[in-house]
Each structure stands twice: as C-alpha cells, then as structure tokens.
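Below are two forms of the same protein chain, given as structure tokens: structure 1, then structure 2.
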Structure 1
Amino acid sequence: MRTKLFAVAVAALFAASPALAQQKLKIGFITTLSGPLGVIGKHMKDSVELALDHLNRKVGGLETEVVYGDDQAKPDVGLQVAKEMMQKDNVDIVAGIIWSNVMLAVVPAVTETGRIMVGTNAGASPLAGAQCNERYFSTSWNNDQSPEALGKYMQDQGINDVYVLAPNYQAGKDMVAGFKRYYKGRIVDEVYTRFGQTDYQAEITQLRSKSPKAVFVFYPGGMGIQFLKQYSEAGLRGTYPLYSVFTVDEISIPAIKHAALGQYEARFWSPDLKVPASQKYVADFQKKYGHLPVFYGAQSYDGILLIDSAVRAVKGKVKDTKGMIAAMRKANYDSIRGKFTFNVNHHPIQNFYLLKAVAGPAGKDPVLEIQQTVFKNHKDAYYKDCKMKW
C-alpha cells in the first residue's frame, strides 16, 4: 500500500507538463547559457528571439514555442538536455549547439528519433563527412573552412615564414590542418599551447626570437582576448602582422578594443555584409539589444529562417520528415549570407571573406570590415566522404 502510494506520488510529481495542442510547433534550442561561455549562448538566444519577432512568433505559420536548453558546454549534459526536450517537452525539431563535442554527441540521439536537427554553429568534420546524416543540416560551416580561406589569402599574397600558434586540442589541430591545406609557404614554427592557458608571454618571447614575417593563430573565446592583449602589449602589432580565425569577433572586440586594430580574420559573414536579409538582421538586432551581433547569432537566426521555410513548404506537416528534408535542401529563404545552396552533406556552399579590424565610428570600438572575397561558393573538404544520395 505504502509502495503504491509512493509510486503515485512520484508519478504526480513528475507529471508536470500538460498535453500539447497540435497546431503548435515546438523547437528545442540548445546552447551554452551558464558559466563563462554563456556569452555566446546569449547572442544565439537573442538572435533566435529576433527571428521569432520577424516571423510574428509563427515559424512556418504555426504557433511556435522555443524551449531553450543549457548544455554547460558538456557533451553528456547536452545529450541529457536534448533527451529532455524530446521526451518531456515533445519538441519537433532540435537546433543550436556551439561546441563540436556536444554536437557529435547530440546529433545521433536526435536523428535516430526521426527528428530533424539544425546545427547553428559547431562544424565538426565527421558530420560533414563519413557521419553525415539526412536529418542533420548545418547553417554554419565546417571548422577548417575559415582557416582554409586565410591560408589561401596568405598564399596568394606570397607571405612566407609564418609562425603558427593554437591551443592543444582537436579544433586547434583542425584549424592548423585547414590552414596548411591552402598555405604552402614556409612555416617557421608550429606551437600548441595548453587549452585554457591565460598567459602567453613565454610563447610571445619565443615568437620574437624567431622573427617571422607573419603570425597565424586560432584562439577562441577568452584565450584570444588574453593572447591579443599580450601580443599588442609586447609591441608586436606593428612588427609581425597577425592573422587569425575565430579569435576576433564582435564579442571579443569590446574586451580588447584598440588591441584588435589591424587584425585579419577570415569568415563567411560579417555584420557589414551587403545582403538585404543580413542588413535587416543587423539593424534590428542593434535596435533591440544595443550592440552588434556576431556570427554565432547570425547563424542561429538563419537556422530559424531555414526551419520556417521548410515548415511552410510542407504546409505545417512537420512530422513529414521526407518532405521537410526535401524542403530544407532547397534552402529557399533569405539567408543572412545571401542566396546559397546546400552541398550533398547538408552543409552550405558559400563565400568566405577576408576581414580586417579597422577603426570604428569616433569614440566607438573597432569594427570588422570585409576586405575581399577569398573563396566563392566554397565547399568543405569532407563532403566526398559523405555517402548521402539526394
């Protein structure tokens, strides 16, 4: 008797969510919201909210609810959040995710339930290659495409004697591999630093002793801010030009300010991109939140628009997975990157640009400005490993 009562109590405790109305679309959006890395997640969440505003809170014409989940940048937590969304909140589609490791853990779990997953940042190469999946779409890029573009640019410029620095983890090595795929000149030295390192003075001293012609780095998040501050503190800004990927962006510039000036980056998008959909997104984002958006946000905004286009195409029949996939493959919407097509592996074929940090409006922080197009309609290096047939 006691046991039974207890079981009923447990059941009552757990039965919190009410039954769903059918005319509704539920999207689960996973990103990192807590902890020091939550700043990126905030940009993504804000951009999703902006997309919902633009769509009058109706994605594909359906009443929409977005459930946000915090993965704490941990794969197992991300997986748990995804399962909670699918099993408890009954979301129809899962989207988001910043980190490759979280993505690699979550994608199989989502797609094996028959749901569609839209990745809006992490670009793990296995998902573009051998592990590609018909229910997984990306509105971002593959990790090493940006360094490929930078490598191509530096190769074209005939820059020689490059010093390479990156954190000692998978993405760091991927970035350097991508760089070297297109840059064929001399590399003075290739140095991997501890992941999460804060002081780079020792590495900077080593670098100076080698007198390279240029420096290529990949230092995402806090590591980049620390590296750049110390780099310009050491007075190397004017001496050895610095080229980077995923190091300087609209999140880090407010923290480094003038130390960013003169920095080269490569990317598929920048707030100054002259594409109407992008300009609308940037203007309204600034109006709503008072600061510039960053590519993490742009991709997330784009992800919601992609879902919107597909749900419209299937007339709200979200459960029609085949129809959804076919509609998504058309990429029939006004993307922030302009018109583009999906490759066979469901990753965009898109342009990559060279960006430079230049002085912003008087009294304001520097801004990134597009200098030139490095790649037109660039495909990632892995799609040939993807066995998907359209």
Structure 2
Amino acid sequence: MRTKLFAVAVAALFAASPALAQQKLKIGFITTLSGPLGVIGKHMKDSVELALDHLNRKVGGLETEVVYGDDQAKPDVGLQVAKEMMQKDNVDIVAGIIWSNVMLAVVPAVTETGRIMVGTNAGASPLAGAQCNERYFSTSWNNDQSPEALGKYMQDQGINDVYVLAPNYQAGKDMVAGFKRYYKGRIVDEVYTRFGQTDYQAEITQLRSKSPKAVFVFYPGGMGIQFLKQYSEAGLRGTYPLYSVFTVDEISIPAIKHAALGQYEARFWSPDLKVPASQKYVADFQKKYGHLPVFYGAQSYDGILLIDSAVRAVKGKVKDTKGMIAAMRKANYDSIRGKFTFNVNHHPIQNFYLLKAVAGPAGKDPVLEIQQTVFKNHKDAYYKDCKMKW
C-alpha cells in the first residue's frame, strides 16, 4: 500500500511539473490608442504583436497574454488603466506609455506594488535621476538625449539665432533643456504651445516676424504633422531651415510627403540601421503591416525582448523580482539598437545619430537616412542624481 501511495505521489509530481512550466505570463501594455495621437499607439501595439510572433507567442517560454490599455494621453486615465490592469487583470508586468506626464503618474503606482515597469517611450528626466527606481527600466532614452545630439550638431555647424518651439509638458521642457545643453548660440525665442494643439498659424506668424537663422522643434505624432504642413504651406521651409526631434518620422512622412525633404532629425535608431536584429524587425514589420516601422515601435519591440530575457533567466519564476531585475540589468538580448548596457538608472547607454529626410525610391515617400554618429555610448544628464547602486 505504501509503495502504491509513493508511486501515486511521484506521478502527481511529474504531472504538476508541465503545469508549472505552462503557467501564463500577463503583461499590461499602456499606450494611446484613440484620437489623433492614437497612430503612435498603433505602431507600438503592432510591434508588440510582432515581438510575440518572433517568440512564438511565448515570452520567456511562458504562454503570454498582453492586456492593452488606452491612456487617452491623460495622466489620470493612464493611472486608472494601470490600477485596473493590476487589480482586475492581475498582470505580472506593466509596459509601454508614450507621454512623460502619464509615465510620471503611472510608475510609482506600479513599482509600489512590487511589479516591474518597462517604459518603451517616455523618458521623463525625474525618472532618470532622483526618482529612479530599481523596478523601473527604459528601453528608449531620456528625453534630453536626442535634442542634445541635434544641439551638438547645430553648434558644430556654427548655426546661430535659433527659434525654439515645443509643447508645454514635461517632455517638451526636457527636449528644450537637452538642446540648450549643447547648443550655445543665441535663442531668438523659446515658445511653449498647448499639448495636443493642431493650429500653429499664430506661432508661425510670430516666428516669421523674428527672422531666425533656423528653427528647432519637438512636435510628436499628430502635432508634428499639423505643424509641418502649416510650416510648409506658409513657405517657411526654404527660408528658415527646420531641425527637429521626434517630429519628422515614419508616421509623419506619409502625411507630409515632400515637405519632409531635407529636414534633419536626431535619434538613437532608424530603419536603415545596419544591425541584424533591427534588419529582421524592419523586414518582418513591413511584411506584416505593409509599411516601415517607426522608433516608437522599435523600442516597444525591444521592451518585450527585454522582458523575455529576464523571464528566461529566472526560469519562468516571474515573482522573483530580484532575479528579474538582475537579469534585465544585463540587457542580454538582441536589441534593435545593437549591443548596449544599462546605466545605473536603468536607462540605455547608446549611440545617437543625425538623420536626414531624402528622396525615397521612385514613386515612394521620402525616407530618413543616417548621416553620421553624433554620440557614441551616450549617457543621459541625470544618472548621477540616481542613488541606486549595483
């Protein structure tokens, strides 16, 4: 009888093992999926789905469900979505978020529950500095870094008298601060517009009256499309050269077409980056969706691969937060940006490039091409304020 009970217990143990191996991983992915800004969120969601395809729909070898939430580009809505994901959907990890003000609202709510938050766009400066958290990782950048690269390029080119425009929220202020950190020429004027604004006629008239040598702007998503169209229609493109960050991209170019030609951007990634993981991502994204991916998607794809690397490292024990954090810090996966390391604040140390919008293939839209590397292994300006030690 005792032998029989032992045999039953052993059989039960072996039967339980596969069940443990098949436990489900739940990821809450928050982005903007409605309104004019929803086009960004769609690129992010599509790239998450492509990452899942590449992982055979199993992150870290576990059956995976991604719960998508729409923050409507509002901090209070984003916070509510995050809470519902954790309380009702019982997600293991939260990821995503486009806007810095939304990220600042969501991160504390997620990390105080002991969960890990993987940001795949917003790079609010406080989270890279004094408010850094061991349970918060970024697969994008700190807001200041791309404008720092563009500011350095414009400074090196001896461009003086620059007019500056950005939306009035955390990221807008961070972008301008980064630009001015490396650009030491004269700022003709520094104008902050309403977040989500679509009519820039008054600002363009004011800009024209100041006759700057060049213009620096940060207008992501639908804001950028409207600004670029109105800037071109006003005939300013040939008069006041436009330099931008997160404005001319694979989302805005199909809408503005020839108005993008000749414009400069600075970024950590571009679809033409010669990195194997990036080339696979770009090719498969085009095959699946019929158009080029944008950086919002690339870094969201990276976010899923980062999570995958950590879940594999802890052998599916997602509740092992210390083990997950230790694994993520190694950045042991094939990133679309190539090999990189995390800084002490869990933000990537990475390259930044100067891009230019050039004519695409015959009959096609313009494309962005890398012109030069502005920064190699660039660290953000805030990591010294982060008190984490590892």
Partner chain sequence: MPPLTLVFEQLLNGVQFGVMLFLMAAGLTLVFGIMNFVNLAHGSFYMIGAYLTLAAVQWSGNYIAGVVLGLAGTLLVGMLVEVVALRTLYARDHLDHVLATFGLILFFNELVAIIWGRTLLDFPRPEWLRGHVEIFAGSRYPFYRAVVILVGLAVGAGLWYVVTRTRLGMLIRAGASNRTMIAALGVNVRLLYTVVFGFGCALAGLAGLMAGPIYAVLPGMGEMILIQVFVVIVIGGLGSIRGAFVGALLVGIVDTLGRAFLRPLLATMISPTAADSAGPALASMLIYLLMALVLAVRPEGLFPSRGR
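Definition used throughout: the rigid core is the maximal C-alpha set that superposes within 1.5 Å between two forms. Note that this is a predicted model, so its numbers are computed, not measured. Start at 1 and count along the sequence of structure 1; that gives the residue numbers used here.
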Does the form predicted in complex with its partner chain correspond to structure 1 or to structure 2?
1
Note yes or no: does the Cα of residue 203 move by 2 Å or more between structures 1 and 2 after the core is superposed?
yes
C-alpha of residue 240 off by 2 Å or more between structures 1 and 2 on rigid core
yes
How large is the turn of the smaller rigid part against the larger between structures 1 and 2? Whole degrees is fine.
12
Core-superposed CA shift of residue 170 between structures 1 and 2, in Å, is 3.7
